[in-house]
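Single chain ahead, by itself, as structure tokens, in the form predicted alone.
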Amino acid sequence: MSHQQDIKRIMHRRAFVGNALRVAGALGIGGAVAGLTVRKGEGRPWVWQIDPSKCIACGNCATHCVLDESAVKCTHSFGMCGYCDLCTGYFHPEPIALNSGAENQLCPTGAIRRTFVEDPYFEYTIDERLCIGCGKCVKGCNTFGNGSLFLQVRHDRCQHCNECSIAIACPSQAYRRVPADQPYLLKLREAKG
């Protein structure tokens, strides 16, 4: 065998070993990422979500997320909303006036938009870019209103931590794992009976 053939064989082996190591590394990283979203013992990916029936709007979602801006945002169930003139998720409990002045709004960032529909109805929508997940509107709506506002983890923002820091800090244990293909929990009217 010539010296040139030996060099080609060595280069081929190095390329083979290098490629094998890159593939093994990629599989290892992929497995680690999959391990973050797959519940142990199950092959189906799972994500964290807030159960609206257990959430007490304590404010921990705004302060305990690993992200600078929480992945938790307020959601509005329009099917439950009364389109009230005095929305207790929008206004302070005793507003100075029923207008959209900042001094009257419960939300510290102005994330809730109030739009006139027809007398006496108003529509309230959430600007998620401004929502910090503090839950003040949710608490007001649940205490004095019909509970149409609730918090949900937005999965386009969530880092999908294996152990969610907000879930650890949640006093009502409202966080739970749900299938990634059905990541949101809807808030529905409770049956009267």
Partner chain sequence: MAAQAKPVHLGVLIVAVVLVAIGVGAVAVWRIDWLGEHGSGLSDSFKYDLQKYQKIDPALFHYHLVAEMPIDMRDPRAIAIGLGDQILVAGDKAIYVYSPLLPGEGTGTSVSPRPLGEGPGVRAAGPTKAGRAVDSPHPNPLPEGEGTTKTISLDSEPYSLTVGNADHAFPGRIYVGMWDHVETFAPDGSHLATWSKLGILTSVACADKVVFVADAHAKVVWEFNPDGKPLGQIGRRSGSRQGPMFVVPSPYFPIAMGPDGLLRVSNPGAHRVEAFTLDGHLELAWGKPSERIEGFCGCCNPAHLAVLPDGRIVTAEKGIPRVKVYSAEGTFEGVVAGPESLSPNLAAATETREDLRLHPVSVAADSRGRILVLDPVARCVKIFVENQK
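Residue numbers count along the first chain shown, from 1. This structure is a prediction, so every number in the text was calculated from the model and none was measured.
As for the form predicted together with the partner chain, it is not shown, yet the points below apply to it.
Using a 4.5 angstroms threshold between heavy atoms, P93 counts as touching the partner chain in the predicted complex. Although the partner is absent from this view, T109 contacts the partner chain in the predicted complex, with a non-hydrogen atom inside 4.5 angstroms. N142 belongs to the set of residues with a heavy atom inside 4.5 Å of the partner chain in the predicted complex. With a 4.5 Å cutoff on heavy atoms, A71 does not count as touching the partner chain in the predicted complex; it lies far away. Contacts to the partner chain in the predicted complex (heavy atom within 4.5 Å) from stretch 119-143: D119, P120, Y121, I132, C134, K136, K139, G140, N142, T143.
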